[in-house]
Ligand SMILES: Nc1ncnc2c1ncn2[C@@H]1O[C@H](COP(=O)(O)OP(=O)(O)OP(=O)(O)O)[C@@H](O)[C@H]1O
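Only one chain is shown below, in structure tokens, and it's the form predicted alone.
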């Protein structure tokens, strides 16, 4: 009994003594493992950049330094594990030795105690194995606890945007209004948009132009409520976006970004993200508008053609056209094109614009463009500068009245 108690006490003491540093090491290990994986992922995705700037050696040095730190932590963890098994075995053997010492004196006078001692040692060994296993389980638990903390941190994160769960689902019109809207990105005091106000009627085509960093894309991202304004109100269909049902907003507003992102699977799977119940006629119509049908229908399997990981089997222009098709397939009330035709040739861009104008006459269109030629036929063009809406009007009106717009136009005209 004494041996058993001694064994339990020593196992608990050693386990608790190792558990604390083990937990800290596992925390560092998980962070370094994430960092190493991200570094490898970035280098694989940006392999052309690394090669073109002759940075292979520098990236290898960075990766090796991070890997060495990860290896050192892993070795320390291995040392702790290496100490545990011999320590637990030593404790078990010492417990047996103590038991034998206490009982051995009485065996001569009472030989039957030898059988009792043998049984006791067997039971003690079974108990010892259970305790050793419990000790090792606690080590693995230390790693599990650190991983759980990381998962809990993500699960406990509160979303910055929440929709009104009680708001009724409704069809929103394409009327858009900004009422004294200002915006700064979270953690940044600098305002990207400053007191922007305008009203857009359903069916209008609005061009957004301005220098890089003028706030064009940020303004567009407030319409589908990817962010909430810091001040002011954004309305779609005469409804404050903070009071709108999420499904209603997602059906009403389609946002096509400059960097076209397609998901691995089939072309049809990607198009159905814009309209989950789209049939072959819907896909054909959307592809025609986006000038994507001309290459899709060259494939034997057409809309069932495979999209590889990171859409590596499509060119930049093809990805943009598929992204536009995904945006228009649901016939949205508001369509936002964030420089979404930048990879298209002049002919394809013109055909896309003509198709959108003809097939979506009731859809409000916001077209963000670096090239004036992309928005020259817009009903109105908004000129952005340093987060402010400094001018609005038709192309002809702005050439006559806005020095900033006129400078952009003249510069691009001379380039041509």
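None of the values given here were measured: they were computed from a predicted structure. Positions refer to the first chain, counted from 1.
Absent from the display: the form predicted together with the ligand. The rest refers to it.
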- Would residue 265 show up as a contact with the ligand in the model of the complex if we use heavy atoms at 4.5 Å? no
- Examine residue 211 and determine whether its closest non-hydrogen atom to the ligand in the model of the complex is within 4.5 angstroms. yes
- Item | residue 217, heavy atom within 4.5 angstroms of the ligand in the model of the complex | yes
- Query: Does residue 138 reach the ligand in the model of the complex, with heavy atoms at most 4.5 Å apart?
  - Reply: no
- Item | Output flag, 188, 192 and 227 jointly within 4.5 Å of the ligand in the model of the complex, heavy atom basis | yes
- Task: Select, from the options 77-85, 304-312, 180-188, 265-273, the stretch whose residues sit within 4.5 angstroms of the ligand in the model of the complex by heavy atom distance.
- Result: 180-188
- Exactly one of 202, 245, 99, 258 has a non-hydrogen atom within 4.5 Å of the ligand in the model of the complex; which residue is it? 258
